[in-house]
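Only one chain is shown below, in structure tokens, and it's the form predicted alone.
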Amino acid sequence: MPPKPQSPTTSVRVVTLTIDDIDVGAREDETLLQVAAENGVRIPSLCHLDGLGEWGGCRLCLVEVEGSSKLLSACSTHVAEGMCVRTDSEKLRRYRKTIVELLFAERNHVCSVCVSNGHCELQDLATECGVDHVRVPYRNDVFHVDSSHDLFRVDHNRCVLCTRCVRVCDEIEGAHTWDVMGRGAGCRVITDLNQPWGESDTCTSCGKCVQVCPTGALVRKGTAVGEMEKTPDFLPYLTQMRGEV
């Protein structure tokens, strides 16, 4: 029997670029966000989470790239030879601060009564970006709170539409219970075909969506103010194991 043909190996080219005046090397299949993190450069982000596919929706990871007339999202922009990147400037700080303010104004994020108070990524970003008040009008729309699940609760008033729950349920758990419905300000995450979470036929009650949620939108039932701590560190390991199967 003849030997099986070997699949050709695709070589990934290494490129050199500059991030904040630091010369770095990177594989051309890496994103700016990955390379910056590998070299100790902090770029704020909210929808990004190691182990999940990129969404590029929050726009907090915007960076300046020499030669580009617009700001680029670091999570979805791949590196290129000779690229010159600026991750921190007065312009970027102004944009990020405004984005965080808009997130707070779009829905109800009253930290003092939230179970994720002190353990919330949006709250941490507000501190990092210097947001001590919101300069735009609040929408004050009231969204539904779904407590139909035996273990968990979803409060759409605190959702920032990062789609982490959608991606972890699809890419890691494989259930695809979560999805996104609607457009614009009326957009929200749903379970199955907009059924109550507790009536879902596909949910495995694994809790991965709760652990990756950056705010108090998805929480365990029975938690009081400030008690809801989340640990999404399992994702890179699970992603690696799935890739080796």
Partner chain sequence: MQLDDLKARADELRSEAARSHRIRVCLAASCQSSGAGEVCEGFERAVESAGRGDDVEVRRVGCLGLCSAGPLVAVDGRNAAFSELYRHVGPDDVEGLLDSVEGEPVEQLRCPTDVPFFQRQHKVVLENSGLVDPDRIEDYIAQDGYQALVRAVTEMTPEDVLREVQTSGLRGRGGAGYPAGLKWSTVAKAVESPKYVICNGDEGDPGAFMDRAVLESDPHRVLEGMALAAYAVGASRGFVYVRAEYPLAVERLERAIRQATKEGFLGHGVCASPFDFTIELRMGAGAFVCGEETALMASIEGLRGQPRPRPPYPAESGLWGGPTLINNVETLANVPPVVRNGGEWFASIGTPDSTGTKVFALAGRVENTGLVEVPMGITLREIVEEVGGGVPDGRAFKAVQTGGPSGGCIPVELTETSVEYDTLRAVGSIMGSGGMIVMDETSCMVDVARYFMEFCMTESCGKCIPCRAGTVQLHDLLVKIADRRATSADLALLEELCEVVQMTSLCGLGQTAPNPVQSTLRYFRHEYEERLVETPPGEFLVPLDVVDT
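Numbering follows the first chain given and starts at 1. This structure is a prediction, so every number in the text was calculated from the model and none was measured.
The following text describes the form predicted in complex with the partner chain, which does not appear among the structures shown.
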Stretch from 29 to 37, 192 to 200, 208 to 216, 176 to 184 whose residues place a heavy atom within 4.5 Å of the partner chain in the model of the complex: 176 to 184
Ok, 84, 105, 151, 80: which has a heavy atom sitting within 4.5 Å of the partner chain in the model of the complex? 105
Are all three of 49, 61 and 93 close to the partner chain in the model of the complex, meaning a heavy atom of each within 4.5 Å? no
Residue 140 within 4.5 Å of the partner chain in the model of the complex, heavy atoms: yes
Check residue 157 for me: does it contact the partner chain in the model of the complex (non-hydrogen atoms, 4.5 angstroms)? yes
For residue 76, is any heavy atom within 4.5 Å of the partner chain in the model of the complex, or not? yes
Does residue 161 make contact with the partner chain in the model of the complex, using a 4.5 Å heavy atom cut-off? yes
Those residues of 200 to 215 which, in the model of the complex, come within 4.5 Å of the partner chain by heavy atom: none
